[in-house]
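Before any questions on how it binds or moves, here is one chain, the form predicted alone, in structure tokens.
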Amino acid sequence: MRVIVAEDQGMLRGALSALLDLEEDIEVVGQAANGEQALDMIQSLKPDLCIMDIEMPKLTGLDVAENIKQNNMACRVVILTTFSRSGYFQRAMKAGVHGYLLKDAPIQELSEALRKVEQGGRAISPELALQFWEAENPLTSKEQDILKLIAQGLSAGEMAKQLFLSSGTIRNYVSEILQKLEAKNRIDAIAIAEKNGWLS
């Protein structure tokens, strides 16, 4: 896979590029010192992936990711950051970022993440995923339990028996779940929760 590394700290950029180049299936085709340079390289070199820091001069990594999405470019973006703020993470997800990893992760973890992303998957640092899941999941633990049972195909009556609640209470919970997730129906609610990792 052809990769661009965008990082404003020269030493880190060089070290990261050198380590990734040692992997048989990864070729670093460009190094960018700021977001504007990264965007130019993505347009001219057409890499498979771009590894980017968030905080960079001229354009941030998130600005570049949003630009890539708006212009339907094929390059997939992996954010490499020291920032674990949920606001950044939410913006990154909306921008279609495929990876969100911490800078102190081992190089082996990064190269495995790049392979996963290249194959169409997502790669998010477990520490970040847990933190954002806890911060952003709007469902209570009881609502999550009920949604899991809905996903298993149980009816309101069956859920009521299993959870020792009345059918009316189950229906109230389901209504609350749909409202919180802004879901049209139960199937939509399951899809939204699975997409955000709230059913794991």
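Quantities reported herein were computed from a predicted structural model and do not represent experimental measurements. When you see a residue number, it is the position in the sequence shown, counting from 1. So that the term is clear: the rigid core is the largest set of C-alpha atoms that superpose within 1.5 Å between two forms.
Just so you know, the form predicted in complex with the DNA exists too; it's not on screen, but the next bit is about it.
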Does P57 make contact with the DNA in the model of the complex, using a 4.5 Å heavy atom cut-off? no
I'd like to know whether R186 contacts the DNA in the model of the complex, with contact meaning heavy atoms within 4.5 angstroms. yes
Just checking whether Q152 would be counted as a contact of the DNA in the model of the complex - the rule being heavy atoms within 4.5 angstroms. no
Do S175 and the DNA share at least one heavy atom pair within 4.5 Å in the model of the complex? yes
Of these, S44, S166, Q162, Q70, which has a heavy atom no more than 4.5 Å from the DNA in the model of the complex? S166
Just one of 49-57, 27-35, 62-70, 152-160 has heavy atoms within 4.5 Å of the DNA in the model of the complex; which? 152-160
Once the core is aligned, please say if the CA of P57 is shifted by at least 2 angstroms between the shown form and the other one. no
Core aligned, does the CA of R186 move at least 2 Å between the shown form and the other one? yes
Large Cα move at L154 between the shown form and the other one, threshold 2 Å, rigid core: yes
Report the direction of the Cα distance change between K94 and K142 in the model of the complex, compared with the displayed form, as closer or farther; the change is 3 Å or more. closer
